[in-house]
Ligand code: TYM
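Consider the single chain below, provided in structure tokens and representing the form predicted alone.
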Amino acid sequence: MSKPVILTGLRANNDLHLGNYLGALLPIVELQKAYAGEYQVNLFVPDLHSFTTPIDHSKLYDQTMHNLKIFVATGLNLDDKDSYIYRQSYIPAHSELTVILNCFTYMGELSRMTQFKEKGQGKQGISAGLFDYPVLMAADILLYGAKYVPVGADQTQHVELARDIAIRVNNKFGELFTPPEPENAQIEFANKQQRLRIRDLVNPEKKMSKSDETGKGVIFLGDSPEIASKKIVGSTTDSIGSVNYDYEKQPGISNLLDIFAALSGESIESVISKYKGQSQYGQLKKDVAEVVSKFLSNFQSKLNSVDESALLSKLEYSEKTMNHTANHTLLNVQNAVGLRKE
């Protein structure tokens, strides 16, 4: 690969929501636009990661394809020759390299991963897949020599582990892998993107999440404008009686201001100025409900208009290309560890 690689992805299972759109999908599209011609962008759907926690397996394939269409509706350019869109499970080298890397990863390292502790806390029958998830993620990164891996704060440990594994294997067998950039460089790169952390409408102390079983605090991208409006109107605010942008004291109000700014195209400073000091919250909720309803109507129209044949064509080409790249890396590793002699 002649250009440095940026690798990013989003799990396939569950319906995507407004927080995913503003915090992940839109930044990925902006990333593609910003670095066109300068970087290779690998956008993959980590479908093997999707069942490290329990899911409805009968829906996984269709959900994967649906979420790929959502990427396109968000504005992803399928004609960009430096962008590749592929499904993790369609590149068998991801799985095989994971098995090899497991033998150079320590149990203590994996047991210290925050994501494993949080997702496994208080649960019975935790899968080995959840424990081993960071090694599969390392394979995702190292197969393509990804330089930058834009992730949320909850995933930075995993990128650092991938770097540690790459350096450890290189020290033993020679320069097999290109390690991702260290944490400070990853953070600097990620900070160039505008990633909003949208909060749950019912409990604004936590982020909007696909795992919310009630769905009352989540605006799903498939929600009707009417349902979304009701969720906004019923959102949790406070009893202070004054609109202020203060996540510590007024997280619900601050969240609504961020949503309005992001979807209206106005700057957050302008939105704060418009509503600051108002003693009633009803007008703000009404305005946010209106801008969210308009966004959903437009977005769902774009989603219904996605050219599926163009998407499938891009997938087929990307997966063929990525298989070639991944298999080349895998063969070098197999030779080094004694599985092949070529």
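Worth saying up front: this structure is predicted, and the values here are computed from it rather than measured. Sequential numbering from 1, following the sequence displayed. If you superpose the two forms and keep the largest set of C-alpha atoms that fall within 1.5 Å, you have the rigid core.
Below, we refer to the form predicted together with tryptophanyl-5'AMP (TYM), which is not included among the displayed structures.
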- Message: Is tryptophanyl-5'AMP (TYM) in the model of the complex close enough to I85, A166 and T325 that every residue in that trio has a heavy atom within 4.5 angstroms of it?
- Response: no
- tryptophanyl-5'AMP (TYM) in the model of the complex has a heavy atom of only one listed residue within 4.5 Å, and of M137, I259, I253, L101 that residue is M137
- Message: Under a 4.5 angstroms heavy atom criterion, identify the one residue in L97, I91, I141, I219 near tryptophanyl-5'AMP (TYM) in the model of the complex.
- Response: I141
- Message: Can you tell me which of 171-179, 226-234, 261-269, 196-204 lies within 4.5 Å of tryptophanyl-5'AMP (TYM) in the model of the complex, counting heavy atoms only?
- Response: 196-204
- Query: Using 4.5 Å between non-hydrogen atoms, is D154 touching tryptophanyl-5'AMP (TYM) in the model of the complex?
  - Reply: yes
- Task: Give a yes or no for V243: in the model of the complex, does one of its heavy atoms lie within 4.5 Å of a heavy atom belonging to tryptophanyl-5'AMP (TYM)?
- Result: no
- Message: When the contact criterion is heavy atoms within 4.5 Å, does L10 count as touching tryptophanyl-5'AMP (TYM) in the model of the complex?
- Response: yes
- So in the model of the complex, does any heavy atom of K69 sit within 4.5 Å of tryptophanyl-5'AMP (TYM)? no
- Message: Does D82 move appreciably between this form and the one not shown, meaning a CA displacement of 2 Å or more on the superposed rigid core?
- Response: no
- Query: Is there a C-alpha shift of 2 Å or more at Y106 between this form and the one not shown once the rigid core is superposed?
  - Reply: no
- Message: Core superposed first: is there a CA shift of 2 Å or greater at Y247 between this form and the one not shown?
- Response: yes
